[in-house]
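There is one chain below, alone, in structure tokens, taken in the form predicted on its own.
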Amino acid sequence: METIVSGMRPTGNLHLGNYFGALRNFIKLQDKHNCYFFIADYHSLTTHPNPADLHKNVRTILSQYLACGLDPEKATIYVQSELPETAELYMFLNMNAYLGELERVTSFKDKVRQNPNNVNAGLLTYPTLMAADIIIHRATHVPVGKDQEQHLEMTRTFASRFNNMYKVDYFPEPVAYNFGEELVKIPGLDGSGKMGKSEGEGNAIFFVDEPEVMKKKIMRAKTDSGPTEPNQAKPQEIENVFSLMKLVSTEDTIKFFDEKYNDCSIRYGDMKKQLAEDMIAFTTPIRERIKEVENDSEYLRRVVRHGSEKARESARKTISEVREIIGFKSF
């Protein structure tokens, strides 16, 4: 059975892009594979979050992933900082990571340009912490996006370097888990790019958005003045609205507005009202479940405790064997 590891940064509320982009596939994976899903709160320290915000964000993302369908009985779900073995393996890997290779990481160079006054060691060694997260469970596969492919390749390098240095075949070299066509890119409401928090709150539909908020966002979605010729190609902003409709509306609804577009009689206001209605119907059960989970502190404690115990069982075994391989002996 494949062992799959994936981390989620505690960066606030989930939106449709998170759900259809990766989370929906994680839910499928937990039924077939040995999965470890963790909240990467150590990683967030590179931006020096307020302590109160850090805990709140961890609680938020944990509640929302659980509400969307991650099952603590099927997958190991834990908080990164609950696993001290990760920090120990991170230290071991840093001993075998070289300054030059870390400085060449694209994401590090981007962070240096964007925030020249916050070039901390955590940013530089982000790839070794990510590697520790993955190989602490001796993962075979990792779901990654384009922006993380270089980090995964470095994880493979660190795993291979450890094996070669100590003449063992201990760590697997994990490969990317490719969702292929199942990985859907969700467009933003501003008509350009993908849905995401970095583009602003109005660009994304969050599961915690109340119906009126969601409706206002959708009604403000960018459109044009309408088609002028039958069956003309849809511009990107109109294609985006249709793409969102395909996520939550019936085939008959989509066909209706597609025909209206092709015969130049479409009214975008009517289309967006229908999209808002369908989007609210789709998200309401999840929003209600999020509220229920967030307010159940005892349930969240049980989930974290249970996940930490399962994760530490795996991590302790790895660290014990790594220490022995390196040469640390108990007196």
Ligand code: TRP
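Just count from 1 along the sequence shown to find any residue number. For clarity, every value in this text was computed on a predicted model and none was experimentally measured.
Absent from the display: the form predicted in complex with tryptophan. The rest refers to it.
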Just to confirm the contact call: exactly one of 37-45, 286-294, 266-274, 56-64 touches tryptophan in the model of the complex at a 4.5 Å heavy atom cutoff, so which is it? 37-45
Of Met195, Ala75, Val241, Val142, the one that lies within 4.5 Å of tryptophan in the model of the complex (heavy atoms): Val142
The unique member of Ala221, Leu83, Leu93, Met130 whose heavy atoms fall within 4.5 Å of tryptophan in the model of the complex: Met130
Answer yes if any heavy atom of Ile134 is within 4.5 Å of a heavy atom of tryptophan in the model of the complex; otherwise answer no. yes
Under a 4.5 Å heavy atom criterion, is Lys317 part of the interface with tryptophan in the model of the complex? no
Using a 4.5 Å heavy atom cut-off, state whether Tyr126 contacts tryptophan in the model of the complex. yes
Heavy atom of Arg9 within 4.5 Å of tryptophan in the model of the complex: yes
